[in-house]
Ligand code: GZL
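As a starting point, one isolated chain is supplied in structure tokens, in the form predicted on its own.
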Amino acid sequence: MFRFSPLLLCCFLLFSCAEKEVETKGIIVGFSQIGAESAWRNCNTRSVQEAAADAGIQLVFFNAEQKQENQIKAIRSFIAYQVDVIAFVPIVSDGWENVLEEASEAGIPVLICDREINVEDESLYAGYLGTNAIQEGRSSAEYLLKAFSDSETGEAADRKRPVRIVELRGTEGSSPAIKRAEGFREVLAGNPGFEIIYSASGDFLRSKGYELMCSILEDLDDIDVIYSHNDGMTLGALDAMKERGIKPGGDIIIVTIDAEQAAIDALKRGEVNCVVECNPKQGPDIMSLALRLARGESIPRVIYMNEEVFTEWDDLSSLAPRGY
């Protein structure tokens, strides 16, 4: 019978570890982030940076500071630097064809992260990893259907007028703003008991959420629901409401997307009624896919992150800290 000697076994283990290092050593990933506008975004960035370090992948990181032209410059610099893989979070959906064609001509695969893009030739990028924004919009509306239904029959509650909804949209032209609005309307379509009375962009920023809400409360009465595309805008809106003696979560139903710790805490306090998760911890998956692309392998066309929905009806006492 053949037996491994202790020395041979050690050599085998060392060779296996060395082989793993060779797989990642020297691989360079260029990553362009859109900015640092929220706790969610900062967590997303940390996740990418930590995952690259853990995998032994060299990361060339660029903060676009909310400007598409900066991202395009960054991608061109990645091409000039001859990185192995380009990954980026597109600020908006349109306007990427030219720079992606340049990456394709250079033979550098591109991974789209978090937000989706619109291009006629989808072969210009290898795949997409991120949030299912249209489902987030659907989940938000499904909560409202349940919240405003008769608790016994499950049918729409008898009301004298429609439920009046104010929507705080994200950045104009971004896929989350487009699809969260689309999914929300898709579910409410055919339900005359709901009416979107106002919709405006707060650019995913807390400061703009506050400003928008101040203006809205000056101009509109009898608001039943605030549907906000992200927690940053929601937290700003809560500040504006409290200043005016309005009880968020009670006087006005609040539905928000992201699931930052601050939003979960507000949910526990009864100031928010529904939080739809958008998972920022994409780094390990991004690096795993980047490694496959660097090896010349194909990857799935679309991968959605696992995400949950938290409501006022849930027991959140055992929910782990979000970390962002």
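Since we're looking at a predicted model, the values are computed, not measured. Numbering starts at 1 and runs along the sequence shown.
Heads up, the form predicted in complex with beta-D-galactofuranose isn't pictured, but that's what we're talking about next.
Engineer: So which of Arg169, Arg206, Arg115, Lys179 reaches within 4.5 angstroms of beta-D-galactofuranose in the model of the complex, heavy atom to heavy atom?
Structural biologist: Result of the distance check: Arg115.
Engineer: Mind telling me which stretch in 36-44, 54-62, 264-272, 284-292 gets its heavy atoms within 4.5 Å of beta-D-galactofuranose in the model of the complex?
Structural biologist: Heavy-atom contact with the partner occurs in 36-44.
Engineer: In the model of the complex, does Thr131 have a heavy atom within 4.5 Å of beta-D-galactofuranose?
Structural biologist: Yes, contact at 4.5 Å.
Engineer: Spell out, yes or no, whether the shortest heavy atom distance between Val255 and beta-D-galactofuranose in the model of the complex is within 4.5 Å.
Structural biologist: No, Val255 is distant from the partner.
Engineer: Does the 4.5 Å heavy atom contact test between Asn230 and beta-D-galactofuranose in the model of the complex come out positive?
Structural biologist: Yes, contact at 4.5 Å.
Engineer: Is it the case that Val29, even though its partner is missing from this view, gets within 4.5 Å of beta-D-galactofuranose in the model of the complex, heavy atoms only?
Structural biologist: No, Val29 sits far enough from beta-D-galactofuranose in the model of the complex that none of its heavy atoms falls within 4.5 Å.
Engineer: With the partner left out here, which residues of 268-287 have a non-hydrogen atom within 4.5 Å of beta-D-galactofuranose in the model of the complex?
Structural biologist: Only a single residue, Cys278, comes within 4.5 Å of the partner.
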